[in-house]
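The chain below stands alone and is given in structure tokens; this is the form predicted alone.
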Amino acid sequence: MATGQQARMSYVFVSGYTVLAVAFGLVPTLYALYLSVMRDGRFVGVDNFVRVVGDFRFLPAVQHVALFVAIWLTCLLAFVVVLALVVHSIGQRWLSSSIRFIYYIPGALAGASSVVLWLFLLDPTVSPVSAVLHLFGLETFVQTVSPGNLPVIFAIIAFWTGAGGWIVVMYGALNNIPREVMEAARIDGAGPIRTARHIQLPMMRKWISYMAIMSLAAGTQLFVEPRVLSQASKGVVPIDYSLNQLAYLYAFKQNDNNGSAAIAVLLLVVSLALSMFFVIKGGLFERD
């Protein structure tokens, strides 16, 4: 009886997410698929895909997003895991909790507001870290946000905004490792580095894979940061820097919803393919 009641309650809890996922995930995806193969009310097959791929702005946008995602994911996976291990190893509970809280604060800022804050930090004439910018030969805001620096700048902003939340998640994953396993490692003489390498990292594999998938999905949707910087720099950052910006231009400047949908579908296919790689490598759906 209790089992049946628990099952019904489970369906109630899941139903809210399911409704929202269908309304704002599945239905828009199917509509984008439909638009991507239509034009002027006629079925055109892959013509829209050929057209957007042939656009001179498409390949640069792909390169920008790919470089940003590569830098960001590499830094995120490496530093978040290391910082989570360091925080978890701190014996003083109050100190560990305080550090996690400090890490999490930047994540409380919305994307646009964090970019506005970074506009201030990236201007060498007013920035509190102007000395650091001067060390890299950056004397003006325009020099700082030049296209060659943007992948690193966007990666730093994304890391600053998102890393804290993931450190808290990884800390929770470390707490799930059975105490007996950690005690056995200590009795066998394993130090912190060997314990992390042979015990903690393998047992965090699914969580790291989950972080990679979610961060990849967010990274390929790069939009707010280059758009705000483009407006602030008066065009130094191009308005078609990322694929999402290009899709925006197609939909709202060129009145070409079919081309915009084609870009969205291409992004979806690439993101799903890369996500499957992390799912398989990370054993995300394997049973323990």
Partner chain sequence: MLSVHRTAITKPSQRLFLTATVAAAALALTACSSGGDAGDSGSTSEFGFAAATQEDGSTITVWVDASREPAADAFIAAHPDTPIKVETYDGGANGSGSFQTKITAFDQAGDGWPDVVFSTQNNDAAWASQGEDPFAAQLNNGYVDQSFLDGFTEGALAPVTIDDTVYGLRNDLAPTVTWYDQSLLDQFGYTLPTTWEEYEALGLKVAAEHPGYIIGSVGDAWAPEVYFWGAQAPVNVVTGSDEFSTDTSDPKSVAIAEIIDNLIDAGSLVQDSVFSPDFVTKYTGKVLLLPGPVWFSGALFQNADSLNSAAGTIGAGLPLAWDGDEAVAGNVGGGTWFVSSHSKNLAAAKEFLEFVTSSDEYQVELAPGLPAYTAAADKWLVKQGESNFFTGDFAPNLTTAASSVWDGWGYPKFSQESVWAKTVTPDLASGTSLVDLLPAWQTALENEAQVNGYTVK
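Predicted, not measured: the structure shown is a model, and the values here were computed from it. Positions refer to the first chain, counted from 1.
Quick note: we don't show the form predicted together with its partner chain, though the next part is all about it.
Practice prompt. Counting non-hydrogen atoms within 4.5 angstroms of its partner chain in the model of the complex, say which of L95, V169, V142, V129 makes the cut.
Written response: Looking at L95, V169, V142, V129 one by one, just V142 meets the 4.5 Å heavy-atom criterion.
Item to complete: Quick one: from V53, L67, V236, V46, grab the residue that has a heavy atom within 4.5 Å of its partner chain in the model of the complex.
Response: So the residue touching its partner chain in the model of the complex, by this definition, is V236.
Fill in: Among 75-83, 178-186, 198-206, 154-162, the region lying within 4.5 Å of its partner chain in the model of the complex by heavy atom distance
Looking at the partner contacts, the answer comes out as 154-162.
Fill in: Any non-hydrogen atom of A247 within 4.5 angstroms of its partner chain in the model of the complex
Yes, A247 lies within 4.5 Å of its partner chain in the model of the complex.
Discussion item. When the contact criterion is heavy atoms within 4.5 Å, does K253 count as touching its partner chain in the model of the complex?
Written reply: It does: once its partner chain is placed as it appears in the model of the complex, K253 has a heavy atom within 4.5 Å of it.
Worksheet item: Wondering, does R227 line up within 4.5 Å of its partner chain in the model of the complex on heavy atoms?
Response: Because a heavy atom of R227 falls inside 4.5 Å of its partner chain in the model of the complex, the answer is yes.
Worksheet entry | Partner contact for F13 in the model of the complex: its partner chain, 4.5 angstroms, heavy atom | F13 lies outside the contact set for its partner chain.
Worksheet item: Taking its partner chain in the model of the complex, which residues along 259-286 bring a heavy atom to within 4.5 Å of it?
Response: Heavy-atom contacts to its partner chain in the model of the complex: S260, L268, S271.
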